[in-house]
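Here we start with a single chain on its own, the form predicted on its own, put down as structure tokens.
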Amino acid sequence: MAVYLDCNATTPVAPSVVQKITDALNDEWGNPSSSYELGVKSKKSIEEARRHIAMMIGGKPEDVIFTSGGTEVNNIVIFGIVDYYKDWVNSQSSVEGINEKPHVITTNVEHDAVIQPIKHLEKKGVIDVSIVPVSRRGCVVPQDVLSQVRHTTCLITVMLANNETGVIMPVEEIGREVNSQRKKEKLIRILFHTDAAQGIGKIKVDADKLKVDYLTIVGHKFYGPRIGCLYAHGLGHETPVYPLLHGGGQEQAYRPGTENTPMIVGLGEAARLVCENLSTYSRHMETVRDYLEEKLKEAFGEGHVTFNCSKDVKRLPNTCNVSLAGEGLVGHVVLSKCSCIMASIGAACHAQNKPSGRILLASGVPHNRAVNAIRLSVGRETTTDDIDIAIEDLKQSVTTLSCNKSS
């Protein structure tokens, strides 16, 4: 029996989401820009989905833009900073920093969809960057971020929760302080972004409470289809958005292209499910995750099991990053010997049977423990029976590897 424990990589599509997508494929295939009934019906369903997504994050529907996924959203935000800074410079006269590069602040545990576009712009000499290390607990310290602010700082991007460790970052605390002194000093307003991909569907996400200008939404992390959304607070008047693509006027011309109605409708349904059931989902995942961690300690002994997320930080209710002590118990090797468990050692885009390491090492986990790490992320449908099967599977894998080592 297969046991899926990789819900931070992706989730199965919820049955009602599949139904919504199927119905839309059959009945709402008209172009949403068309004025006749079939197009109007499609457009109406898109706007209903937008309302559900806005409700899920405590925002306004007009501030939600549909995209192909989270990577596109992050690129829109990051590449847009260059134009944002240029526009500000052009509006000023005799202001400090006017001849300098825009400055961006981020952390050393961000997803590659944030880190790579930032590094690309830095390599091209377009921006200056400060990468703030997290503490040894794996959590960034708000003051460490704020201490990096310069007069040219125009973007801070900090993930809501880490996909490998499950650590929830102090986004709200940073958001409260980001622009406290900027207006008085007549400096460019710092735009604040959080990639909320791992938080939505697991914890309450309130964009206004977080004090963010931009928020990234990724459907396949909360039982929806593989598309995403950009949330921009006060889109176009309070918070600027500079499109990566140019074409038609869809999505207020911020993301042109004929809308993918079935996937958007499915994403709206996934958001509706979160709105109605989040507390139930979260409690269930936490119960199963805690059961998993207790069973790991029972199976391998507390002295041979280390959880790579400090108990004194907030973490996602579904994520267990664990290292098993023992020579040869490298994470991807242990998983390769399992017959039931479907899991990963870290970010799925870097699995490829190689030790992950970057996030754990950046979080202060020793190298010998980082290479032994396995990420087990439970979901809405994971049961304690699944966990029992997974534990036996892990035990068998470790026994096999130990026997191979001694023979």
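All residue numbers are counted from 1 along the displayed sequence. Given the structure is predicted, the values throughout are model-derived calculations rather than measurements.
Another form, the form predicted in complex with a further copy of the same chain, is not on view; read the next lines as being about it.
Annotated contacts: 38, 246 and 257 all touch a further copy of the same chain in the model of the complex [non-hydrogen atom within 4.5 angstroms]. Taking the partner from elsewhere, residue 368 is found to have every heavy atom lying beyond 4.5 Å of a further copy of the same chain in the model of the complex. Using a 4.5 angstroms threshold between heavy atoms, residue 261 counts as touching a further copy of the same chain in the model of the complex.
Remark: residue 22 counts among the residues lining a further copy of the same chain in the model of the complex, judged by a heavy atom distance of 4.5 Å or less. Put simply, residue 117 is close to a further copy of the same chain in the model of the complex: some heavy atom of it is within 4.5 Å. With the partner removed from view, the residue among 177, 208, 327, 83 that has a non-hydrogen atom within 4.5 Å of a further copy of the same chain in the model of the complex turns out to be 83.
Think of it this way: in the model of the complex, a further copy of the same chain has a heavy atom of just one of 286, 293, 72, 173 within 4.5 Å, and the residue is 72.
Note on the interface: of 298-306, 200-208, 109-117, 139-147, the segment with non-hydrogen atoms within 4.5 angstroms of a further copy of the same chain in the model of the complex is 109-117. Contact annotation for 326-344: residues with any non-hydrogen atom within 4.5 angstroms of a further copy of the same chain in the model of the complex are 342, 343, listed in sequence order.
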